[in-house]
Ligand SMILES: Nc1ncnc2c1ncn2[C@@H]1O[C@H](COP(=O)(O)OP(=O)(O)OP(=O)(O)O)[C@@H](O)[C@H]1O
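Below sits a lone chain in structure tokens, taken as the form predicted alone.
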């Protein structure tokens, strides 16, 4: 089954720098078997947060990267031919339900509409997963938790969550960290020095201010870390900014020239 990506995390929690009380909220939701919805722009740390929390809680994590062709069968499972026999193979959601793991649906609005129907009985007090193909009705094992994320900035009439779905989750809004926190993240993740990290973060703030004008989306913390990693590895600062913070944002030659001018103004 190639419609999903599956990851299992170990006991060591990856680095995550909290912005507010999101760790406490997630832990409270986990204790009370509540599903969680994370809202925020691309690359602001939602996936890292879930990975961190799964390790912190000591729970297995199944991560599903949602896309246009992702169906309910990709999550639940299907019959496959193996060695001349037809056998049932659980999907990542079913495995998480059986094992008491966390199932994380990244960018859930990108999935097909039949996916949300499957989620409904898992996000109320029933906590069940009906599997029509096998006739099973699985009760979620202790520890099972459903987490989903999406970017409200990309919402339109065809790509949104229905209110009936959103209101089944405890929801938290994420955004890019304030400059001092983002600088600390960049230093920790890349090994770059404080001075150049501060320059990159300052530039990121200027680029984000262009969202909705010249740019469809602002530069993510992930891209800032990429640029810093290249610089820490010996790449020229301007070249690292070009390949990690400018080129990924746009294909328009005029806009890229304008962004290059902005880089010069910020870096001096």
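Keep in mind that what you see is a predicted model, and the values were worked out from it rather than measured. Residue numbers count along the first chain shown, from 1.
The protein also exists as the form predicted together with this ligand; that form is not presented, and the subsequent description refers to it.
Trainee: 216 to 224, 25 to 33, 200 to 208, 237 to 245: which one contacts this ligand in the predicted bound form at 4.5 Å, heavy atom to heavy atom?
Mentor: Contact criterion met by 216 to 224 only.
Trainee: Considering non-hydrogen atoms and a 4.5 Å limit, which listed residue (110, 189, 99, 74) is close to this ligand in the predicted bound form?
Mentor: If I apply the 4.5 Å criterion carefully, the residue I get is 189.
Trainee: If we define contact as a non-hydrogen atom of the residue within 4.5 angstroms of the partner, is residue 260 a contact of this ligand in the predicted bound form?
Mentor: Looking in the predicted bound form, residue contacts with this ligand do not include residue 260, since no heavy atom lies within 4.5 Å.
Trainee: Do residue 255 and this ligand come within 4.5 Å of each other in the predicted bound form, heavy atoms counted?
Mentor: No, residue 255 is distant from the partner.
Trainee: Is there a non-hydrogen atom of residue 48 within 4.5 angstroms of a non-hydrogen atom of this ligand in the predicted bound form?
Mentor: Yes.
Trainee: Residue 60: heavy atom within 4.5 Å of this ligand in the predicted bound form?
Mentor: Looking in the predicted bound form, residue contacts with this ligand do not include residue 60, since no heavy atom lies within 4.5 Å.
Trainee: In sequence order, which positions of 29 to 45 have a non-hydrogen atom within 4.5 Å of this ligand in the predicted bound form?
Mentor: Heavy-atom contacts within 4.5 Å come from 41, 42, 43, 44, 45.
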